[in-house]
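Before any questions on how it binds or moves, here is one chain, the form predicted on its own, in structure tokens.
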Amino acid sequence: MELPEKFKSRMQGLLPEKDWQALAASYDRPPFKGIRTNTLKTRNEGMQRLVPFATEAVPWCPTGFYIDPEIRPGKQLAYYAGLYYVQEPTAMTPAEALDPKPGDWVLDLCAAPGGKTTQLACKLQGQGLLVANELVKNRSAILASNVERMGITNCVILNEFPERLIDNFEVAFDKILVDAPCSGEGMFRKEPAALSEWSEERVALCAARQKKILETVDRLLKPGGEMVYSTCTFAPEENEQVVAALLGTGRYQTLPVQLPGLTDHGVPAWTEEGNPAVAETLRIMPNHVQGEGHFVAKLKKTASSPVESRSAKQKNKKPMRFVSAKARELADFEDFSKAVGWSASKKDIVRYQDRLYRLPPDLELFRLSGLRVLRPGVALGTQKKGRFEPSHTLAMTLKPQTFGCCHDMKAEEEAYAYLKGEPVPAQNEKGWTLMTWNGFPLGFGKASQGTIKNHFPKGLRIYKK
């Protein structure tokens, strides 16, 4: 790989010659590929039993595995069932470092395409609140698709500028993950655009943007709360120096990040003040690990922001896109629920036009006022002229034992036929049917007269096995 000359000279000035040579050589090897078990649906052993390829454990992530780079994991039935997420191995480190607990309120501020969001969701196990925000609209749609496939029930997806979250969520979060937009020096092998767009000016621009983002995070994080700041670049301006600037506010302290197999740390000498606290950060370099590289810093907020403001409830008087669903508007939904032997709490159901959503239990609707909300929770389905049609999102959150009518497809050929959009022969099913593969949901069908009509979304269908 032909690296930019200024990048080479910068890294040669930072690293000992032996380390620089090893880093330069690492760009000529194939990228590492990994997957991570979705523990909302299964455990490692269950996932490994259902995939037709070998896996090797990632040291720093208990649910992460290396796979052969030639494997196409996005073509497997286990992928469509949401049993794993395809993720670069070192990208698994930020969520492992943040390590939220069930019940926490967690924000993933720069969330697309969803690897870290889905990893955080696994740690929350459906409890508490997960807000996943992505500024770029088309990337937020990819994020929503991944959240849907993994069957996450307590996630709100926003498409907003970070600073616009302050009125609604000021000092609301226990944990925040900021995997910041960066110059992407760790992405050179995977993304040619990162290589072609790199410049010293871009590094400086990214560093300024990152500091601005952290000013917003300071307003969103509770005193005593914790954040992880991470990048996939090696530039000190975007790593150690950004952390040092945050420490300079006097409201944060670094927490040691200790993950198995990772021993390289941030370099105090690369900050203006030589701040020794940055030595508690992780600097993950591709010449030392099997992965593309990352920088990870964990910080605790030790004092309140000097800015004082009113509560979110006082501030949010803006018109609501979503409204609480009234009893008469839920009649068709309740008929569907009774027919399939499934129940859901009605108090958290909201409506937008003819679509119904279930909010995460801990979330009050006023929190979403005035924001661009892509998903306020689980999309339940659509009301259509006296009937309710359930969504694919709902199917992916269900457990077969809680849904009255299921059709399990253990044969691969039948399951792939369903993913292609083909009808499936019914057994004894009638009406709305949860289509599963080895007990894991793939989507919905509707059985009538010996045939299950296919309701797998057209945009997700495959054309060949």
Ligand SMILES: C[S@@+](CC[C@H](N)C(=O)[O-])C[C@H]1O[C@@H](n2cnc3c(N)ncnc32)[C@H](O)[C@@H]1O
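These numbers were taken from a predicted model, which means no experiment stands behind them. One rule holds for the numbers: they count along the sequence shown, beginning at 1.
One more form of this protein should be noted, the form predicted in complex with the named molecule, which is absent from this view; the next part is about it.
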| property | result |
| --- | --- |
| Heavy atom within 4.5 Å of the named molecule in the model of the complex - the one residue of 180, 262, 296, 371 that qualifies | 180 |
| Answer option from 283, 175, 116, 301, heavy atom within 4.5 Å of the named molecule in the model of the complex | 116 |
| Location of the named molecule contact in the model of the complex, chosen stretch of 233 to 241, 264 to 272, 134 to 142, 73 to 81 [non-hydrogen atom, 4.5 Å] | 134 to 142 |
| Any non-hydrogen atom of residue 219 within 4.5 angstroms of the named molecule in the model of the complex | no |
| Contact flag, residue 111 vs the named molecule in the model of the complex, heavy atom cut 4.5 Å | yes |
| Residue 213, heavy atom within 4.5 angstroms of the named molecule in the model of the complex | yes |
| Residue 190 within 4.5 Å of the named molecule in the model of the complex, heavy atoms | no |
